[in-house]
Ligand code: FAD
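Just one chain is shown here, as structure tokens, and it is the form predicted on its own.
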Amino acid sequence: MKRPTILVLGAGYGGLATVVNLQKSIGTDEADIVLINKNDYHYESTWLHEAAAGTLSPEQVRYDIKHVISQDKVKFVKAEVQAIDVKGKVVTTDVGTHAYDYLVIALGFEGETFGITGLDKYALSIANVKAARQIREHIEYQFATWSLEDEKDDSRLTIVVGGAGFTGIEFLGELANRVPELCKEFDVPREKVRVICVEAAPMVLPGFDPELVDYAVRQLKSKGIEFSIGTPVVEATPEGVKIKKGEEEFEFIKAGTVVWAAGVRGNRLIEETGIENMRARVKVEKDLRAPGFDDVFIVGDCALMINEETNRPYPPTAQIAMQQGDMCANNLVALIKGQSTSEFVPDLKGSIASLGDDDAIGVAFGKKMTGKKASFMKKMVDNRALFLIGGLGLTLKKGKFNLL
């Protein structure tokens, strides 16, 4: 009897967790496992804001996929997915096609610009390792150029961050610590630098405890971060951004750097599959399969699940993506063995947002925490994610141990 082929698209948190758990649970005589990813490395997307600010090396953010997969059990293909034919059960990449019996779509997120004019051309996005490196180098270039100019343009030193959600706030926390270092390195007076967070919604960090949000805003403001809340960006240009401050009132912020961190969507390829979706996210069945397709699983940023207690979608976090990968692997093994699949129920252990290397806010194990205690917990969460994928070796190599 022919072994079924399990094709996993994407080596982010969800895809890699699926593969790592599959290779532990299934023999080479039971299924062929194929992992396709456009890079030969995985990157910790929850660390990208640190690489973008320059507080963490881009190399520290990523690790080779082959170091965490069993190459005798998993075939890795470095390729970019171009099309997914769920009816014909074939995936097309830039280096060839792959047929499958079971498909796992774990292609991750794309930035959402909401159709704002010029944003895709003139704003930088914390999308991946290369983009994070670009942001870091761009900011450093602005500081270096200002130092060399005879007639100095102070707007070079203005950084606009679009979005006061999780990514935006964490990036601001890193910038708050990084800016003084840049000022010292490039002989720039600190008072010349502006870091402005622009948010269309009337609040910072929606969904977080208000007391913790107040703490975060106070801490960031004390380090010179400015906030413009309830003021949507309506246009981006090469010189900066235009924001709306009232019904007929607009303001243009001239800035050398604009970083957009105000929303994500699923991968655009989802929209071309014929699977019902919302902004390239699929409302999956309880066992993580795509509605109408018993052989297609979707995990991570492309999967949409509703929290029945709040009647709102679960946030697309690394924590949930890895748990989905575990359950996806279990359900694939069950299907291959002719057994029933199981329902995925998120085990939410809390949520922590960093405010730089030595500060954070969050809730863990039902307790609110701030400051160094929360920062310590954040690093433990990061290290645990490494351990679950690559064991002690990967944790010691890439983990965060500056705990105090």
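Quick caveat: nothing in here was measured; it's all calculated off a predicted structure. From 1 onward, residues are counted along the sequence shown.
What comes next is about the form predicted in complex with the ligand, which does not appear here.
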- Message: Given the stretches 67 to 75, 99 to 107, 247 to 255, 145 to 153, which is the single one in contact with the ligand in the predicted bound form, using a heavy atom cutoff of 4.5 Å?
- Response: 99 to 107
- Message: Quick one: 10, 15 and 49 and the ligand in the predicted bound form, is every residue within 4.5 Å by at least one heavy atom?
- Response: yes
- Message: Within 4.5 Å, heavy atoms only: does residue 316 come near the ligand in the predicted bound form?
- Response: yes
- Any of the heavy atoms of residue 38 lying within 4.5 Å of the ligand in the predicted bound form? yes
- Task: Using the partner position in the predicted bound form, report whether residue 375 sits within 4.5 Å of the ligand, counting heavy atoms only.
- Result: no
- Message: Residue-level contact is defined here as any heavy atom of the residue lying within 4.5 Å of the ligand in the predicted bound form; does residue 267 satisfy this criterion?
- Response: yes
- Proximity to the ligand in the predicted bound form, single hit among 305, 327, 79, 86 (heavy atom within 4.5 Å): 79
- Counting non-hydrogen atoms within 4.5 angstroms of the ligand in the predicted bound form, say which of 241, 126, 296, 157 makes the cut. 126
- Message: For a quick check, can you give me the residues of 293 to 309 that have a heavy atom within 4.5 Å of the ligand in the predicted bound form?
- Response: 299, 300, 301
